[in-house]
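Quick setup: the structure tokens below cover two forms of a single protein chain, split into structure 1 and structure 2.
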Structure 1
């Protein structure tokens, strides 16, 4: 007989709880490039870590895309955000007052060095007879996506610097969206060359051996930045920065990164906004 009342109580409590919670709750936004669930699983590890370190609840919010993320940082409905290099540069431009906190770092598959950046490589079939970027004239080239930093912006910049205008000097440019599809397309001969993140390239070397080769490497590409909204209290922001820098490499977050995205995550380093100047150069900003 009590059951309906218990149910009602639980419902009411659930509705009232957010309003009655302490205002110190933080929202950490991230938007997916592919599967939102995977991203959420990884980010919740980070959220859990920060909650523990700050003593304040840090909730992970999966936003739809960059614009939504930028807008919410601006209005303060997000306190923290996880942004790729290009988006970082954009948000600094577009949402004044957004503060840089830290840069995610990776252990390079190729070199084993922990660094806040990685590279894009131009890859061709080993037997293609293509050895330099100049040889790419009149060839078919595969990028991932026009919005991709490592899959388009940096390699495109690299080509241009070598005198190859992707829009005119190549026979055809294809956008294959995913790095693994570029590998498949290269192996099947659908394209002559493609741009890959170096991690991806070195990751597949075990599987495909020497079928592919690198003919050029891009400038270092800064890794994901964690930013704080200008509306977030500076002290809390500093505590977040501190907590991130202290994240141990064996933390479940790093393990999850490896599991889900294959990135050999090594935690966070605190650099400054200048780390992202190469991005500004590549995108022709400033």
Structure 2
């Protein structure tokens, strides 16, 4: 859950925020799941595309973390946001009027299929002697952020299903905020295991070969959602949704996602909010 003081701030701010966005600029927030500078370069391609389609500037903002993204949606300093699946279900619950627009889709490295899903994987050094989740008892484990879907919610659920309580059965738990930092910690031996999105892992294989291996994989996880705040005019939100659905897979945004992060981006699809019910099920069991 969002921290109580953040939740209170979000709820109060949402009630007093104006209901229409300034015409001069739309602010699009994204959480820093990886290197913020690299993420900004990628997201600016998307911001540029939306600027062209809407005829008004869309300014990309990289927030400090998941909680800040939620808070800024609530108090009105963001009009649009790029939210991980867990963050999405939290924000929909706790920030009144947040509207789903679209889901990012990716071509899976494993299957070659374009789908609104990916997986979380638990990864260890190939020479670690660790082969199962049960082997992690008493080991050092790296998550990204407590608000992360693939970097915390799903892998912690996997651990608990295997009889490992992350709060008591691990020697040390680290929250390293970003997937790239987890990779660095695994390769240096600073941690024994870590949680990654599966395509991050496949990108690592291209660079480091078989240095790391997967010992567990989650059920499918819905991809990132793009949302609009309640203060954004409904007609503008509909135009953003239409533009996202029309973004071609060869757009510079998709190419940058492939080049920078190794995600084979294929654009966006419009789904029902029920797509994220599987996240709610895991989230409710944590």
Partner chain sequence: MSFRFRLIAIVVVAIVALAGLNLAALDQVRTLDTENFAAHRAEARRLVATRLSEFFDELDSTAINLSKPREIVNALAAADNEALYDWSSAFVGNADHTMRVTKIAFVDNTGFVVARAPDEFRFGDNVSASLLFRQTKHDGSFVGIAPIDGKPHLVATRVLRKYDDLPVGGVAVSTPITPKILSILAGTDTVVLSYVDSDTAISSTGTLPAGHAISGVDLAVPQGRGHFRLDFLPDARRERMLRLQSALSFGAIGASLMTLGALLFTLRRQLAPYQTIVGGLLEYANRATGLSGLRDRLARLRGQPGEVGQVADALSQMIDQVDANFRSIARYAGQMEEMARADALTGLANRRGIEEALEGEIRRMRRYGGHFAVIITDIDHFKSFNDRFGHPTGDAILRCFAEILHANSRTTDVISRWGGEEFLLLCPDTRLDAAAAHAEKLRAALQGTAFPEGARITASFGVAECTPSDTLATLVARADRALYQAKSEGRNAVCASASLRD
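Residue numbers count along the first chain shown, from 1. By rigid core we mean the largest C-alpha set that fits within 1.5 Å across both forms. Worth saying up front: this structure is predicted, and the values here are computed from it rather than measured.
In this comparison, the chain shown as structure 2 is the form predicted alone.
Superposition on the rigid core between structure 1 and structure 2 places the CA atom of residue 229 less than 2 Å from its counterpart. Residue displacement note: residue 116 has its CA displaced by under 2 Å between structure 1 and structure 2 (rigid core superposed). Shown in the overlay between structure 1 and structure 2, fitted on the rigid core, is a CA shift at residue 56 smaller than 2 Å. Taking the core as the fixed frame between structure 1 and structure 2, we note the C-alpha of residue 148 moving 3.9 angstrom. Once the core of the two forms is superposed, the Cα of residue 193 has moved 8.3 Å between structure 1 and structure 2.
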